[in-house]
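One chain comes next, on its own, written out as structure tokens in the form predicted alone.
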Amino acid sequence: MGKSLRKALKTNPKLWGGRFRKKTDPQFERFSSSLKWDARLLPYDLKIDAAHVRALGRCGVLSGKETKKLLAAIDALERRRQSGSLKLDGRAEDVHSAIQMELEKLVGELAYKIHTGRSRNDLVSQSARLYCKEHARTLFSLLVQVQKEIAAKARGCVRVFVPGMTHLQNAQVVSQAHIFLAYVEMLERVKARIQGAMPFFDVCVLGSGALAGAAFPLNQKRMAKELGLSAIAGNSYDAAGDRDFVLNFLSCLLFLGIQLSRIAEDWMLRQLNGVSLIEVDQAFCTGSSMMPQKRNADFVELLRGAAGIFAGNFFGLVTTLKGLPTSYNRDLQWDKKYLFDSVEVGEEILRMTARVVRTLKINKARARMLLADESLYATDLADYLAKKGEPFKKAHDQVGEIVRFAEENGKPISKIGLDILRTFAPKIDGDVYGLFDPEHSVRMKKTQGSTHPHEVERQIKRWERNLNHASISL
């Protein structure tokens, strides 16, 4: 290698430095550097480097000795990464350049050969796919753990009856366990979305180069197998600019945020003064700097608010992608900021949510007090009349009149005399007074997935069985 070229490489160590002799503007260099984000891709880049080196060895670009030397250097970097002793040069513009600089320290000019037959375009796409695939598995496992905690909490609440709500108003009696199991169902749909996104990550794009493919006979099937991938990109031009896999993952996290936000809102409503059905452990609460009496369930509010982070990151990438021409564009560098932020927030709040659920307490005495509202049994009364032969529409009207009479007279329905009840609904008999009981109310339900205690028990057993064997494929 000539002295002038050696000097150029030393003064401008960038992977693209040969065309340039003028230094990059320092402010632009700091602004354009992605190392602060994509350093997270270090373990995946090292795996890809090893697979690429083996591929270059198989097609004759590297000799056997060179292949072994480079693989040993990559392995040394990986060991240092695992021990925490690998410190990347902050001057590097991205993690790929930082690794190149570290390899140069270990093997000298031989490190320059590793870039043969590839571009940062296919490299960054591949490392991001491996990141998504691994963290999708992590999120899936964390979701399973949260579901297990919720199912365990449900098991202790099968016969704790509470007012179920629609339109934020008391509606019918349900088991608190039934509500908990609704959360398990909601999170199961998040898992299904993550599972559906996995094929987007499971693609080998190595060999796509910058956009047109590689001029070397790289064994893409072999590289895919070494990286645990089952598909090969069908079009190099598309692969260079494809970020659908990131968008898909962000949509999964947005859906997670929405579901967790709805659950958190439930918990906040159940803590209102006069309701106070749910108590969040003090370890996840904070106080007020002015009001000594306050105990605020701050984690639950932060959980609810996190939906904004997931939505912002999803729509941030949507806005970036909208209108981009095909193939690679530097705009795509921003995808890492959105991706890593959503993934890291998602994993952290799921770990915390599992602990919050585990320590959550249900105020059973308060639940019994709230069941004093006998309008909760109005639907049961209409069903009772329908079973006696009254058309349901007519029964509905009759019960509506009874509820209005009870409200206007400040009297529970169960305390209204039979003779008065019959003026509204002639088919009512003396057995009607047995309806105003929460246990009886839930036992009247006959359908699969209902709040009947036996059905709730069946649901719990099903979830316990399924969650013990839950796994994500690919």
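Numbers follow the displayed sequence, beginning with 1. Since the model is a prediction, treat every value here as computed from it, not as a measurement.
Keep in mind the form predicted in complex with a small molecule is missing from the figure; the text below concerns it.
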(message) By the heavy atom within 4.5 Å rule, which residue out of R118, R129, H178, H96 makes contact with the small molecule in the predicted complex?
(response) H96
(request) Would you kindly say which of F140, Y328, F200, Y183 lies with a heavy atom within 4.5 Å of the small molecule in the predicted complex? (result) Y328
(request) Flag this candidate site as yes only if S34, D38 and V124 all have a heavy atom within 4.5 Å of the small molecule in the predicted complex; otherwise mark no. (result) yes
(request) Select, from the options 157-165, 231-239, 252-260, 332-340, the stretch whose residues sit within 4.5 angstroms of the small molecule in the predicted complex by heavy atom distance. (result) 332-340
